[in-house]
Structures are given as structure tokens and as C-alpha cells.
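Next up: just one chain, as C-alpha cells, the form predicted on its own.
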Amino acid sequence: MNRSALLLGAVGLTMGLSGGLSGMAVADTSGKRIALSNNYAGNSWRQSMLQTFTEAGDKAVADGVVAAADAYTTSENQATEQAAQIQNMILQGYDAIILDAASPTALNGAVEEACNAGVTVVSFDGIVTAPCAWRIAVDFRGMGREQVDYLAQRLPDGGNLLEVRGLAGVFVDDELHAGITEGVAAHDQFKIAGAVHGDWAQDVAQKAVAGILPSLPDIAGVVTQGGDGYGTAQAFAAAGRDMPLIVLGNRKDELQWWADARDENGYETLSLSIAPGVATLAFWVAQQILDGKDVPKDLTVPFLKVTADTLDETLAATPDGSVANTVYTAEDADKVIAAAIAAPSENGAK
């Protein structure tokens, strides 16, 4: 996929009814209704995801591509509540549900109910394992390993690391943690000296890191999950500790902190995260399935990386309070689907 064709930080949708979608099905989806089931909205990434989905969905409705594109969020990241939400969507007659799941397995029963009722289910970010659902996956484990690989390049002598994890019990947190663990095993000059849950939120991370810092030795680097970098930096500064090398997660406030620290003392790091606009990719994948297109069950989307060379450009394109973003169009979905069809699966099948 040509990533340069996508606009960082955009929240509009550039693709309407006529977009030159080569190879796409041509059935009419103008009467179809799509719903987003989201398990959590307590940080800037989720809020940006919901905003991006809403704006893209509203545009698709206005263009007559679909009849409805509605978003619903549970209150407490509870799988039981999200399962009830999905069951309610079935009763409301939605044709497709795109799903950011609280658990990869706990929602499978509700997902199967939806599939049995003829509802298309496309999971993304937090994916599900129900065989009837489609999955748009990010290599979160690889993202965790890449953080430690980067630290190994910057800190060849190693040292103690602090791990700031995400929301406990969620697939994304488990996978990122597993990748970080693998990275530390591969670079044994590092040791995880402590870990806290920052819940992917700056205020939670700041409080959690401030609470553990008095018990920690010197920290050379911090591995994170997104939404936590700025809060972590604030905790170190407030404690009067030397600022470690903190891997960031593409939020505007932490990118601005990085730019300020760079200008002041030459601070350099890496920032990476899944783009909130992955919800728009899930929307268009669901629309194409409803349109009759043959779509593989497993699709892959790359994570979005910000380096020292792209920091200023990304910072300028990211709204205050938001996250560096990529908004996907129907054409982008077509390319992701085509890539999945062309690529062999793990068992060698097409």
C-alpha cells in the first residue's frame, strides 16, 4: 500500500460513491446499516477513533453508500456489557457490526449469534477469534519487540527498563507485553526493573509511574503502549529523576513534549502506535463484504511510526488533544484486501 497517499491527522473522508474502486463488487449497499461496538473510550486514541469513524460514516451516509453508520461504546470495558450491546445490535437489525473487542474470546458467543443472524462482523484493534468474524490485525507483539530493538540501538550498554502497560486483561495489552518480553530476552543487556498499568491514559500513567519511582533504581529506558508517554515524562520530571529514553505513542501532547525536549537538549526517541483511523478501514471492509466482495478472514494493517525525521510534519498535522492518524478510504480497503488475497497464509494456503 502507498502510505504516502494517506494524510496524517486528517479526519475527513476523501472517497465518495465514485472512487475508481477496481475489482470491487457492484451490488447496492445504500440500504445497509453498519454499527461500531467499542469497548472503551477513556483516552485520546479511542476518542480520535470514534471521531474519525463518525465523520467517515456520516460522509458515507450522506453520499448514499450506506443507510446508517452508528457508534456505541460500553462504559466499563466489560466483556459482558459489550456482549449485551452486540445482542442489542442484532435486535436492531444492523447488517454489519465492526468491533473493537474487550476480549479475543469472551465475546465469541455474541459474535456467533450475530453471524447466525446473518450479520457481518469485522473486528479490529482488539480482535476476536470467532471463526465467522473477520479480523483486521496489527502486529502488536512486533510493536513491543521493536521498542526494545530501538532501545538496544540507542543504549548498547543496556540498563534498567520501566514497562508502562495498558488496560489489564485486554488482548492489546497482553500482546504488547509479550513482544516487550521477547525483546528483552533477545537483548539481555536490559532488565525490566518495574511495571505499572497506565491504562493508555496520560493521567493514569503519571500517577502510576509516580507511585513506583521511589522504589526503582536508575532507569535507562521506558517501554510503553500509547497514551502514556507524556504522563510518564511528567512523573520523572516531578520526581527530579534523570529523564530516560521513553518510547512514545503518537499522542499530540507527547509529540509536542518530544519536540520541546529536542529543541532544548537534543532529546531523540521513537513514537509508534496503530492509527485510530483503522476504524474507517474496518468500516470499508464491512461495506465491501456487504457489497458481495470475497474478503479473506484475516487482514493486516501496519502501525504508524514517527521518527526524528517526521516529527515536525506529524506534529503539525495532528490536532490538539488527538493522535497522529491515517484515515482509510474504500480504495485503501480494496488494496488491503488484494494484498491479503495475494499473500500466503501461515499454513501455506492462499
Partner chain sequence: MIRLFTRYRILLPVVSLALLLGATFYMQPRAMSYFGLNLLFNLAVPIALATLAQMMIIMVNDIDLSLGAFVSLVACVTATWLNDAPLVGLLILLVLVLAYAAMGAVIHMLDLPAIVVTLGMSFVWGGIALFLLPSPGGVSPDWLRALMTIKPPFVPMAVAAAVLIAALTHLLIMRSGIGTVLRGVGGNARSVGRAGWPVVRLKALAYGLAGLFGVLAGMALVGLTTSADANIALRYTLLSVAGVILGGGEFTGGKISPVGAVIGALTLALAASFLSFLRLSPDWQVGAQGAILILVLTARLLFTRRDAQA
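These numbers were taken from a predicted model, which means no experiment stands behind them. Numbering follows the first chain given and starts at 1.
Just so it is clear, the following notes concern the form predicted together with its partner chain, a form of the same protein that is not shown.
**Q** What stretch, of 174-182, 244-252, 273-281, 84-92, brings heavy atoms to within 4.5 Å of its partner chain in the model of the complex?
**A** Only one stretch passes the 4.5 Å heavy-atom test: 84-92.
**Q** Within 4.5 Å, heavy atoms only, which of 261, 212, 71, 152 is in contact with its partner chain in the model of the complex?
**A** Looking at the other structure, the residue within range turns out to be 71.
**Q** By the heavy atom within 4.5 Å rule, which residue out of 269, 206, 120, 103 makes contact with its partner chain in the model of the complex?
**A** Exactly one listed residue reaches within 4.5 Å, namely 103.
**Q** Although the partner isn't part of this model, could you tell me whether residue 109 comes within 4.5 Å of its partner chain in the model of the complex, counting any heavy atom of the residue?
**A** Although its partner chain is absent here, residue 109 would touch it in the model of the complex, with heavy atoms inside 4.5 Å.
**Q** According to a 4.5 angstroms non-hydrogen atom cut-off, is residue 78 in contact with its partner chain in the model of the complex?
**A** Judged by the heavy-atom cut-off of 4.5 Å, residue 78 is in contact with its partner chain in the model of the complex.
**Q** Although the partner isn't part of this model, could you tell me whether residue 139 comes within 4.5 Å of its partner chain in the model of the complex, counting any heavy atom of the residue?
**A** No, no contact at 4.5 Å.
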